[in-house]
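Single chain ahead, by itself, as structure tokens, in the form predicted on its own.
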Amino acid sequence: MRHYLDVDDLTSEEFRAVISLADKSASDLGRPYDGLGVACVFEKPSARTRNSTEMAVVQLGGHPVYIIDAEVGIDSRESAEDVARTLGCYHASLCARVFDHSMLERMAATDALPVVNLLSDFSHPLQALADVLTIRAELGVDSLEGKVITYVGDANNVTRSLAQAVGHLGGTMRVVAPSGYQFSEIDIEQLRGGGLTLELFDRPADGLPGSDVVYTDTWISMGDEGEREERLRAFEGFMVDQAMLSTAGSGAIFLHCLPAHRGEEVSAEVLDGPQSRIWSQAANRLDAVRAVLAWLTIVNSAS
């Protein structure tokens, strides 16, 4: 059984096949989930993830069931494996937004039903798919060959998945982060080993020139609130403001996976400015999850 826990669960050819499905309208994809349920388990709340996932299931003919952690008690009331097996009795797929990535891996290992990662501490593969859909559309390209995507901020789950997606499409990924917030050596080895051109910088002034895309995310993710003051000190000088964005060039677009904190990791002038494409990016979350759900029905029915 195939799952979508990480961008690199797919080959580059498969990732491009998912993109082709995302380029299609909902009506073109048919109703592969007609009469079927999709369990949507949320350990962590979300606005874009919940709305895009539920509407994608509806557009594919299915019925989404929103489940909070208190209703299933993963690893407290029941093991992650038993939760997956239980939901497999009623649903065609399981979409889960969790803290610990290993929980998704354990659920998927049961092969009770296909599992889709809505977010974990390790990766955010649906966000990455939405990101490259946005980049392709806004830059008017199919592949990302010759394009430079520069991420400014904490090298986190969003950054890792974006880097994998950029690698599948042949682009160059730059990460600009202060010491202690860059990718680990293991991450760097894996990303470069997968064929990604990865460039690392610790000063925005060095990393932004020549960028086609400038991307940032919150410095204080859910669960990092206790490190707030430490992180704000570490990221001083890393806020993407108009002066910083201008070093990338007037043709560069700005992306942010949201929610954003104006005046912290990005200025209001940039977030709400003419180079920002954050709302197209948010809208593409729907196309992304719909494509992945459709692709899973295709590959799993063929196996």
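Start at 1 and count along the sequence shown; that's the residue number. Every value quoted in this text rests on a predicted model; they were computed, and no experiment measured them.
Keep in mind that the form predicted in complex with ligand NVA is not shown, yet the notes after this line are about it.
- The three marked residues, L119, H124 and T218, each reach ligand NVA in the predicted complex, with a heavy atom inside 4.5 Å.
- With the partner omitted here, the stretch from 67 to 75, 199 to 207, 136 to 144, 149 to 157 that lies within 4.5 Å of ligand NVA by heavy atoms in the predicted complex is 149 to 157.
- Although the partner is absent here, L258 lies within 4.5 Å of ligand NVA in the predicted complex, judged by heavy atoms.
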